[in-house]
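One chain comes next, on its own, written out as structure tokens in the form predicted on its own.
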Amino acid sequence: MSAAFEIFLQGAPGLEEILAEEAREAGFAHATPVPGGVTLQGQWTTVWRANLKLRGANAVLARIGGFPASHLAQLDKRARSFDWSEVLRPDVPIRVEVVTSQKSKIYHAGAAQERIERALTESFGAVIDAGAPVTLKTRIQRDYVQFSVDTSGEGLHKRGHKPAVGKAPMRETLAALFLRQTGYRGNEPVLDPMCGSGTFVLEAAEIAAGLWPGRDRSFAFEHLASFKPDLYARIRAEAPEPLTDLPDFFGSDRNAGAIEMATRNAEAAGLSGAIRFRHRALSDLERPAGKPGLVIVNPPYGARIGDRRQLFALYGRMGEVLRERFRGWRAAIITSDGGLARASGLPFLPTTPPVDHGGIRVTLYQTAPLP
């Protein structure tokens, strides 16, 4: 696969354009939003850079080829003649996943998976293992079989430097896209008054410092035949030196355990000197000195934690504190409940469509600078 091939950046449905914008700004030309993510053309070095650099992608899939097949025997025969050796290694176990079979004569995904696994085993010598480091994803649509390799492995929200995770966390990839959707680009203070394990504040500080999100983790592409360790080491060496003249970042939470987790996470990320975490209730929140910035918060919204009826007072108090103490700051609230958002009394701008967050549809409610 020396020629360019299609690369799919899997992202949060509803935020495809935001992810495409990030990809283009990171140097991935012609990144095009499509349902469920972003497509672009590139080579294996493009795949490696995308895994290392992109904050909003959940996974990076390499489209390695395919063929037409209208019945299982044809699928079996053509899978056996497919040149797996260009991408896969027979000494590395493989997990096969048929993600969909639509508008095709091959409609039984389980039978298709069995044929592909057998072809890999008997013609290529591969070992099939449900816990394998490499996943081969198969999409069968309109009698065409498309193979992709998940080059990320563990989801890209696992940055590799966040040892502590709180209750009902927001994934780092989604937090990064929401930050971008607010217009945040790393040049203003950020405060989260219900910070939990610190996701929003940590992502904002990493963006400001210019840190690559994948710098501390490994990827599935390191187990592929196309992987060249020396070339990859040179690409990793391209990472810029972290910026040190950063805005201020603040996180607070009424839960002392959350502040301990957030503090450990900041230390693991190398950002403990840039962020101030404090144990305090929402009512005790103070406006930081200096220029205004962004207050962003993912408060409880009843679907996962607590009782909705008890949350109206919380949202009302949050809006009151922000209106009284944070003039000039922008506010952003992520919630699944428009009624709770409106209970804050904040002057929200028009919203964009909701986004899936762990099976819950959430919406970003944001304001212009508060008067």
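Values in this document were obtained by computation on a predicted structure and should not be read as measured data. Each residue number is its position in the shown sequence, starting from 1.
There is also a form predicted in complex with a small molecule; it is not shown, and the following applies to it.
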Worksheet item: With the small molecule left out of view, which of S272, Q146, T182, N255 would have a heavy atom within 4.5 Å of it in the model of the complex?
Response: N255
Worksheet item: Can you pick the one in S152, T173, T138, N298 that has a heavy atom within 4.5 Å of the small molecule in the model of the complex?
Response: N298
Fill in: is_contact(L314, the small molecule) in the model of the complex, heavy atom dist at most 4.5 Å
yes
Worksheet item: Given that the partner is absent here, does I207 sit within 4.5 Å of the small molecule in the model of the complex, heavy atoms only?
Response: no
Worksheet item: Does the small molecule come within 4.5 Å of any heavy atom of A281 in the model of the complex?
Response: yes
Worksheet item: Is L156 one of the residues lying within 4.5 Å of the small molecule in the model of the complex, judged by heavy atom distances?
Response: no
Fill in: Stretch from 186 to 194, 103 to 111, 222 to 230, 122 to 130 whose residues place a heavy atom within 4.5 Å of the small molecule in the model of the complex
186 to 194
